[in-house]
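Shown below, as structure tokens, is a lone chain in the form predicted on its own; questions about how it binds or moves come after it.
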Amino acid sequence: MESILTAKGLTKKYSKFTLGELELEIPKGFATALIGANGAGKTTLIDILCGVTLKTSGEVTYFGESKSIEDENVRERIGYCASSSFFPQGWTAKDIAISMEMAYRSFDRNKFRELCEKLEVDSEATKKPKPMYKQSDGNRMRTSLAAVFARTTDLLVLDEPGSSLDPLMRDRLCDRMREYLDDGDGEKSILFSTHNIADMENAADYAIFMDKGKIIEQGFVEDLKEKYIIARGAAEDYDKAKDMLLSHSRNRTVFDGLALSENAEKLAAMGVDSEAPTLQQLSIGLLKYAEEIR
């Protein structure tokens, strides 16, 4: 697997939280979903990778060559979108366009205006544009996304891009992410974080699952769906199957849980059905398992 970004022994230590040590690779040419509950360390990791936060230890290599996010060429090739307001709250779309044009050589001001209009937020052409503080969380995120997509980059890093968007706009974001990858013809990559994958499952090719600052699983989504199964059976069969379940939920009549696919035949012999998990089911099952073994 060719990687666009690699981290080895990466740590960040706070008084009440420690990230790592992390070993990870972001595959080139794909969209990687960073999945975990709130407080898992997703934003801390993204902020380190994008140079917003300093790491405590470890090494990060970008594009197979540079080991510094301070490298101007590295920064030029990475498009970063924060989960919260990235631009000053008093700024309008015009202020954002001016600052982005000054900061990045590849920023296309006309494209930014077109994207703002397509995403139905204020653009430079708006007669009375609202400053960021007068806009909804969703509109602020749309404006930030328009700014980052208006650049020519090789890696997009999006922190919870869908959290403040409505379902329709999340669907459009997924489409835009696929277009970005397709336009790159295998040379562009995306890393995005989420604590709820349901509406963005179609955007993910590779997944990294985090819990309490640690990586608990990672791999291509299709490979993970072959590695794990969702097992379902009658409540009276639970005691026979429970040792093969990584995590589960049950009531008086039925149970279901996450299991390794290597146990599918044994479960079938007990009368327990199984099927490939969705990424959402896999996320819930793995995070519940991590919680149970903590």
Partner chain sequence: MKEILKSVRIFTAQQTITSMLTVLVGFLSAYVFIALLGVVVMFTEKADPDSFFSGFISGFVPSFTVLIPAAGVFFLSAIYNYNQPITPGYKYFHSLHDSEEHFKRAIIGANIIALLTGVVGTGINAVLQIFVPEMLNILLSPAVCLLGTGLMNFSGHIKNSLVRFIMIMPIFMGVGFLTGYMSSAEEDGEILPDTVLIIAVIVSALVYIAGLVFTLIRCKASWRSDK
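A quick note: this is a predicted structure, and the numbers were derived from the prediction, not measured. Positions refer to the first chain, counted from 1.
The following text describes the form predicted together with the partner chain, which does not appear among the structures shown.
So the partner chain isn't shown here. In the predicted bound form, which residue out of 263, 247, 61, 53 has a non-hydrogen atom within 4.5 Å of it? Selected option: 53.
Within 4.5 Å, heavy atoms only, which of 82, 156, 115, 197 is in contact with the partner chain in the predicted bound form?
By the 4.5 Å heavy-atom cutoff, the listed residue in contact is 82.
- [ ] Report the stretch among 87-95, 198-206, 175-183, 115-123 that approaches the partner chain in the predicted bound form to within 4.5 Å, counting heavy atoms only.
- [x] Checking each option against the 4.5 Å cut-off leaves 87-95.
Counting heavy atoms only and using a 4.5 Å cut-off, do 12, 47 and 100 all touch the partner chain in the predicted bound form?
So, yes: the whole triplet contacts the partner chain.
Inset, instruction - Flag residue 166 as yes or no: does it have a non-hydrogen atom within 4.5 angstroms of any non-hydrogen atom of the partner chain in the predicted bound form? - result: Output for residue 166 is no: heavy atoms all beyond 4.5 Å of the partner chain.
| message | How about residue 171 - does it come within 4.5 Å of the partner chain in the predicted bound form, if we only consider non-hydrogen atoms? | response | Although the partner chain is absent here, residue 171 would stay clear of it in the predicted bound form, with no heavy atoms inside 4.5 Å.
- Item | Residue contact check: residue 187 to the partner chain in the predicted bound form, 4.5 Å heavy atom | Outside the cut-off, so no.
* Asked: Is the gap between residue 32 and the partner chain in the predicted bound form 4.5 Å or less for some heavy atom pair?
  -> The answer is no: residue 32 has no heavy atom within 4.5 Å of the partner chain.
What residues in 55-72 sit within 4.5 Å of the partner chain in the predicted bound form, counting heavy atoms only? Contacts from 55-72: 70, 71, 72.
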